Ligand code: HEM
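Before any questions on binding or motion, here is one chain by itself as structure tokens, the form predicted on its own.
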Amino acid sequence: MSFDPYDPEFLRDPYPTYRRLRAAPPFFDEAWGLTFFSRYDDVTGILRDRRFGRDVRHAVPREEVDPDVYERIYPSRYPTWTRLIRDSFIDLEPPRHTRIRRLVQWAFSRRASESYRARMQETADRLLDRALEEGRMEAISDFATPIPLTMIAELLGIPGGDQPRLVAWSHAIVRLFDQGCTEAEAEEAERATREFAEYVADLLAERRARPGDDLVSSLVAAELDGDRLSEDELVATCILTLNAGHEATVQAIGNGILALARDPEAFRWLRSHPEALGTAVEELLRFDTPLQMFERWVLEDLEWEGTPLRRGTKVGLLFGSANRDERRFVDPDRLDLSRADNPHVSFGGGIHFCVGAPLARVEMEVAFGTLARRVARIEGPDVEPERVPSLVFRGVRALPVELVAA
């Protein structure tokens, strides 16, 4: 059993392939060096099982790890990227993960996230004012990108004029997560990481001299039981905040707009049920998952539901497939914005459950709530939009839509 995640047909619609994979046992893919799991119970079980982890360096001698896989995850040719991306807390295990997460999680709590709602709403309304005046917009650059980007820039205390640089850095940095990344893209990821690290270092120095009301100032001052973040930990956390807070949310909003444009009845239902906005957001996250695949290291020899796994190897968890598993979701290929029983895995699970999930949910509630309140109809493009060539992030490069005002 195998699949080609870069085949144009798969990129357009991976869900028929996922259905085929779920009907078969887990399988090993030579190109990725991963054993892929596609069923909901397997994915959620592995996410919560401490025999699997995001880091292997503390648990398994390097000589026991496949050198090609190790080099893909910790590429020695790109030392800045490896140091600052693979040592951000999302890629660490306890106790290092626990220590850093405790110092930063307050900034992404539901209460903190709600405090930004008014600012996000102002941005969304301003963007739609312009789009409705013209009757159209390019939904990714004109709507899906500015909402989370404005929020992340404000969170980090970055001036508005520098925001385009954030987008370019983020797009470049995340390409190295994907097995299909070219050498030129990898070199660009390393360069972007260096540039953003230098930018953040200057920002840290400025905030130490003149603290402000932003996440960077708070992280510089953060202390818990006498513990503080190191310089590298501060830089890595800021880069993670940009990448995780921007890339996935942009794709989630874009995928959701495309889904609603293709299902006018669902959009009409959302417009007439504003009280169900939170439930609708969860369904949009499930239906076309922005983060399609996450990896875990196997930290000890084990057998998972009949599949033997050797320590030092990796598994690939297909979130997009798990979220369409007919064993867990009723009529999973149908967009049902009223779906109440919806334990999707779009934010991961276990100790690595996305720390920014509350903020992402508020951003999506603002985006889709504003669309439902102010737009009567969304008409998508006549041609299939070009997909981002990635198994990790699912989204479209551009999405031109026409809008009819409510």
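Everything quoted here is computed from the prediction, not taken from an experiment. When you see a residue number, it is the position in the sequence shown, counting from 1.
Keep in mind that the form predicted together with the named molecule is not shown, yet the notes after this line are about it.
* Asked: So which of 178-186, 162-170, 117-125, 83-91 is the stretch with heavy atoms within 4.5 Å of the named molecule in the predicted bound form?
  -> That would be stretch 83-91.
* All three of Met151, Pro290 and Phe347 touching the named molecule in the predicted bound form at 4.5 Å, heavy atom to heavy atom? -> Yes, each of Met151, Pro290 and Phe347 comes within 4.5 Å of the named molecule in the predicted bound form.
* **The single option of Ile351, Ala31, Ala59, Ala376 touching the named molecule in the predicted bound form, heavy atom within 4.5 Å** => By the 4.5 Å heavy-atom cutoff, the listed residue in contact is Ile351.
* **the named molecule: the contacting residue among Ala322, Ala280, Ile147, Ala252 in the predicted bound form [heavy atom, 4.5 Å]** => For this set of options, the contacting one is Ala252.
* Answer yes if any heavy atom of Ala244 is within 4.5 Å of a heavy atom of the named molecule in the predicted bound form; otherwise answer no. => Yes, Ala244 is a contact residue.
* Asked: How about Leu359: is it within 4.5 Å of the named molecule in the predicted bound form, going by heavy atoms?
  -> Output for Leu359 is yes: heavy atoms within 4.5 Å of the named molecule.
* Give a yes or no for Leu240: in the predicted bound form, does one of its heavy atoms lie within 4.5 Å of a heavy atom belonging to the named molecule? => Yes, Leu240 sits close enough to the named molecule in the predicted bound form that at least one of its heavy atoms falls within 4.5 Å.
* To do: May I ask you to check whether Phe294 falls inside a 4.5 Å heavy atom distance of the named molecule in the predicted bound form?
  => Yes, Phe294 sits close enough to the named molecule in the predicted bound form that at least one of its heavy atoms falls within 4.5 Å.
* **Stretch 42-71 - residues with a heavy atom within 4.5 Å of the named molecule in the predicted bound form** => If the 4.5 Å heavy-atom criterion is applied to the named molecule in the predicted bound form, 42-71 yields Leu47, Arg54.
* Cα-Cα shift for Pro343 and Phe108, closer or farther in the predicted bound form, minimum 3 Å -> Compared with this form, Pro343 and Phe108 lie farther apart in the predicted bound form.
* in the predicted bound form, shift in Cα separation for Phe108 relative to Val216, 3 Å or more -> Closer together, by at least 3 Å.
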